[in-house]
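A single chain comes next, written as structure tokens; it is the form predicted on its own.
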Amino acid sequence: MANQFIEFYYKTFDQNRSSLAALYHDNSMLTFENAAIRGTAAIVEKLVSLPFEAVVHQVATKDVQPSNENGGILVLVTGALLVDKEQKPMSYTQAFQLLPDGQGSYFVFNDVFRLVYAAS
């Protein structure tokens, strides 16, 4: 399930960010770098407004754990992303907490994204 989610999320992000709305609910939260955002509309607005035209995520690692007794799933992803025509990838880490939606599927309750910069 987690592998399918990761593949779908990044493929959708890379091709049509506005389509990610279906993965979030009004109580979902996103922390993108330092910005904390809540709710489907605000999250999608943030993702769509990111200052690049094209992006490609390259997943390097993925770790998955059950997150609670109600069937939640914690997903941690690391990887690299190429933005626009940039040839030097940027490293990132992203964590998702997926919760059952009560209809046999899952939604993103928590989403935390952070670029990883080289230690100085």
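Please read these numbers as outputs of a predicted model, since none were measured by experiment. So that there is no doubt, residue numbering starts at 1 and follows the sequence shown.
Another form exists, predicted in complex with a further copy of the same chain; not displayed. Remarks below refer to it.
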Would V44 show up as a contact with a further copy of the same chain in the predicted bound form if we use heavy atoms at 4.5 Å? no
When the contact criterion is heavy atoms within 4.5 Å, does Y10 count as touching a further copy of the same chain in the predicted bound form? no
Contact of E86 with a further copy of the same chain in the predicted bound form (heavy atom, 4.5 Å): no
Does any heavy atom of T93 come within 4.5 Å of a heavy atom of a further copy of the same chain in the predicted bound form? yes
I have M1, S19 and F52 flagged as a candidate spot, so tell me whether each of them has a non-hydrogen atom within 4.5 Å of a further copy of the same chain in the predicted bound form. no
Going through 58-76, which residues have a heavy atom within 4.5 Å of a further copy of the same chain in the predicted bound form? Please give them in sequence order. T61, D63, Q65, P66, S67, N68, L74, L76
